[in-house]
Each structure stands twice: as C-alpha cells, then as structure tokens.
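A lone chain, given as structure tokens: the form predicted on its own.
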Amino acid sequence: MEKPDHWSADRYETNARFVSDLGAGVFDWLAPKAGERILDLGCGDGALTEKLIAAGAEVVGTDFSADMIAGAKSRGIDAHLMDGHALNFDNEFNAVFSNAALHWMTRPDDVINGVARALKPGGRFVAEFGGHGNVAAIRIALAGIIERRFDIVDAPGNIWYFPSCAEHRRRLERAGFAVDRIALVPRPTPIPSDMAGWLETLAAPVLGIVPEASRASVRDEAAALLRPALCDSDGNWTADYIRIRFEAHLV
C-alpha cells in the first residue's frame, strides 16, 4: 500500500524553514566542490540543494513527498520522487548528502546500502538527522496520548529513527563505509510558530496514524502537555533537538 503524503511545501515554508537554515554545519562537513556530482537524499523543497548547486556541484535531489518535489522543481532543481529505502542509482555520485531526512527512513540498512550502490568508489556520505534523544519530550507526549486514546503503542517509534553514534556507525561499517567522524549535536531550537504549528508540520506522519477527526485534539493536548517544559514565560517555544552528524567514505 502506498504511504500517504503528509507533507506540504507551503506549510513547511511557514513553520519549518529553520530546518534547512540550520544545515550550515553539515554543509560545511560536506565541503562540496565544483564539478562534483552529488545526490541530495531527502531534498525537501530544495532550499539547501540550491546551496550545493551554487557551490558548482551537479546535483540530483530525491524525496518521497510529491509536494516537496514540486517545490524543488519550481526552483529549477533536477528532483525526483523516490523512496529513500529503494534508491535506483548505481555508481553515479561523488557524494551523497542529506539533511534532516534520514530519521524519517525507518529501514536504515536499506537506505545505507542504496547509498553505497549510488556512490563511486571512495565516494563520501555526509548527513545530519535526528539522533538518540531527539525531541524526547515531544515523543513522550505524543506516545502517551496516542496509546491512551487509541491503544497504539509507541506511535512515534514507528515513524522516526533516532540512533546513537555507536548504532549508526555499526550500520555504516557493515555496508562498507569507513566513518571519518560522527557526533551527537545537542541543539535546543527556537521554533518560529507555536507548538501546534510544529506538530502539524514536523509530526504530521505521527498525527496521521490517528483518525483524521481526532488529529487536532491530539495536537492541542500534546501542546498543552508540553507547554511547561518547552515554552517560556513570553510564549516562545524551543524544541529539544539532538542531531547526529557524520562523514563517511566508501572503502
């Protein structure tokens, strides 16, 4: 059965542009070079992909959301609708880059093996995504509400992959990569909207597990539960982000 597309490029622009804006660190680790052929895995609407192109690289973007791909194409990006678990490239790229996307791909070995096939010998894989402990408070709130109301156990755990450095290193090494560096990066992140906007945008696949008529009430209950922990006295929300960033090369 085809998965529903919970993503909206317009909603992402309004509530989550900070995600691509905070990609400078992993972009620097990649250090793209003019003339390189690079795959942007989970390119979204292409905002960060444009920076790879501006560096002189030849870039192909992929994403599982048709709406996001339409947004990327509107920027003139060579973007393709594709499941990251089933990449169909073979020995084509000098590098594979990914920002804030791999945590949505819950069969990580399939993803990593596909990346290995896509790379040329010696090619590098540089990415950042949610790491162990990422949005822990938000996950606990959603999991508790959804389990109590709908008897669905650990709903966020079925949606997100948030590994430790040791776990993800093992997966990369099994696929033939040498890990040059890997680190957890704590990043408490101010969010431009309120928590309801964050949940509607970045937890949309989790909310999509519950009946449509109940999604707004689950969202609002979660936001109310999270307010004491993640919202200050002036009404400013901060998400409890922890990212994992790595650079590896194909041996």
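The first residue of the shown sequence is 1; numbering continues from there. Since the structure is predicted, the reported quantities are computational estimates derived from the model, not experimental observations.
Beyond the structure shown, there is the form predicted in complex with a small molecule, which is absent from this document and is the topic of what follows.
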- Query: Tell me, which of V135, A72, I112, I146 has a heavy atom within 4.5 angstroms of the small molecule in the predicted complex?
  - Reply: V135
- Query: With a 4.5 Å heavy atom cut-off, would you call H103 a contact of the small molecule in the predicted complex?
  - Reply: yes
- Message: in the predicted complex, is there a heavy atom of the small molecule that lies within 4.5 Å of any heavy atom of F89, even though the partner is absent here?
- Response: no
- Task: Indicate whether L202 is a 4.5 Å heavy atom neighbour of the small molecule in the predicted complex.
- Result: yes
- Item | Residue contact check: W237 to the small molecule in the predicted complex, 4.5 Å heavy atom | no
- Would you point out which of 154-162, 90-98, 118-126, 177-185 contains residues with a non-hydrogen atom within 4.5 Å of the small molecule in the predicted complex? 154-162
